[in-house]
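Shown next as structure tokens: one chain only, the form predicted on its own.
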Amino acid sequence: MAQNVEVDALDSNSNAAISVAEAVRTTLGPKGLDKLLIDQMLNRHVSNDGVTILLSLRTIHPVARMIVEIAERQEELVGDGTTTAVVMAAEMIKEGRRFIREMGVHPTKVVEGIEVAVASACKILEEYAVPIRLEDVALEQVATTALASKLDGRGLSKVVVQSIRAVANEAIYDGKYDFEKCIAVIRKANYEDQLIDGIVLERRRIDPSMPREKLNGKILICKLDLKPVKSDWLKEGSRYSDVLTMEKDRDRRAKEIVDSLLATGAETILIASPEVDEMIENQLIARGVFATHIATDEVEPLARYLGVRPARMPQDLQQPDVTARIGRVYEDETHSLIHLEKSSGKRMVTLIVSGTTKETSLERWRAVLDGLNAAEAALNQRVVPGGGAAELYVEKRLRELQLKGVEQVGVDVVNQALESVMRQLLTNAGYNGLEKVMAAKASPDGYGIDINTGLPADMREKGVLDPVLVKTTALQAAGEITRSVLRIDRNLAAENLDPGAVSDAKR
């Protein structure tokens, strides 16, 4: 009976992981297909982005949720390769189950072999990778490869590289490129794709009576508390004279605040306070100030771009670095956008991504983020041939490992996963995946299959390049989830999973 329970747990967990992978494996590669996502409100969205699809699934099985989590982690760490990670995890789990059930290999031996093989594979990939520079055509090839399966991927890859090169000198932090600090990406339906030298906010002025544009003036970021007097302060039954006194005090306070803000010389004020007293707004309007609300998470990038220190306390307004001069601030009233251009701080650009509908603009926006993440990883961590060619090279090298006894099965499990990448890419392109993989294996190192001709080709010469970080992170994530799943011998219903509660019970 115990043996049946163990087999049931292994089958249940493996099938859950494989079923999740089946939902996204056909999206892999330039010829991958899309999924139509429909939520409970019948909203629909077409996407082939792996993590978007996985996060939209209503997964119930715990292992299925674990698979979704590794895709989410892959997205957080490198922003690309989520589908690859899930496909490799499913292949490892399927092959590991075969060794455990059909060949009687103990799970711990399989797991140990997988751990060694994954570590060795990552080391081989790192040694195989080559660096690229900002001005190399390889950077464009990395972006094109990352976006090959996306909507309008080729056109978007050019814009991605253009934006990267525009801020290259400003994007280095701690010796590495960090484009998130210098490139903002927003989406706007029915709008032309544009690369703006500056920051664009999806906001409007506080009041349309304010000036629509300011040229060569000073700008201030205000985090002071500007919220209005609460209405419940004026208790029911208060005397008219008390109410009048409070209103006069409120008016006086509003004037003092605005006077202190404008004493800095600021003509444009970005207000991070969630609420602003109406009297303060009226004072700003009367004084001809350009003012708009900003979110708390916009304060840091705006301060970096403008080269100012946000005013958090009244005494901060006395400091010289609380304001900076900016060439132009204006509102695009038609599209509800505020442009800040020609600042004296760090250079930043905003990429406005368009689309004929909200759904297409969202998909193109996600594609741009993938391209930026892939390019950043390539510049920081080097590149390897794409199209599954790097995986075949690693598979070949792994076969040279001499592990002890049945631990060798771990290498076989990882090799199956490595081979599955190219096989799935070619299957999605309409070829016999297994047959074409055999042809690629018979070719020199770095060769894959040209998905347009079906013939072996040097992936580097074809310009098909992937960041090595995407490969190693996906491989590590797949190995980690596989080791966890294969070591589970029973699925038990627990009443309390809080470790603190268990510790208290032991006392």
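The first residue of the shown sequence is 1; numbering continues from there. Not measured: the values here are computed from a predicted model.
The same protein also has a form predicted together with a small molecule, omitted here; what follows describes it.
- Taking G387, G113, G96, G371 one by one, only a single residue has any non-hydrogen atom within 4.5 Å of the small molecule in the model of the complex, and it is G387.
- Note on contacts: among L54, L28, V63, A457, the single residue with a heavy atom within 4.5 Å of the small molecule in the model of the complex is L28.
- Though the partner is left out of this view, A146 does reach within 4.5 Å of the small molecule in the model of the complex, counting heavy atoms only.
- In the model of the complex, the small molecule lies farther than 4.5 Å from every heavy atom of G410.
- Under a 4.5 angstroms non-hydrogen atom cutoff, the small molecule in the model of the complex has V464 among its neighbouring residues.
- Remark: T473 does not count among the residues lining the small molecule in the model of the complex, judged by a heavy atom distance of 4.5 Å or less.
- Only one segment in the set 202 to 210, 83 to 91, 334 to 342, 157 to 165 has residues whose heavy atoms sit within 4.5 Å of the small molecule in the model of the complex; it is 83 to 91.
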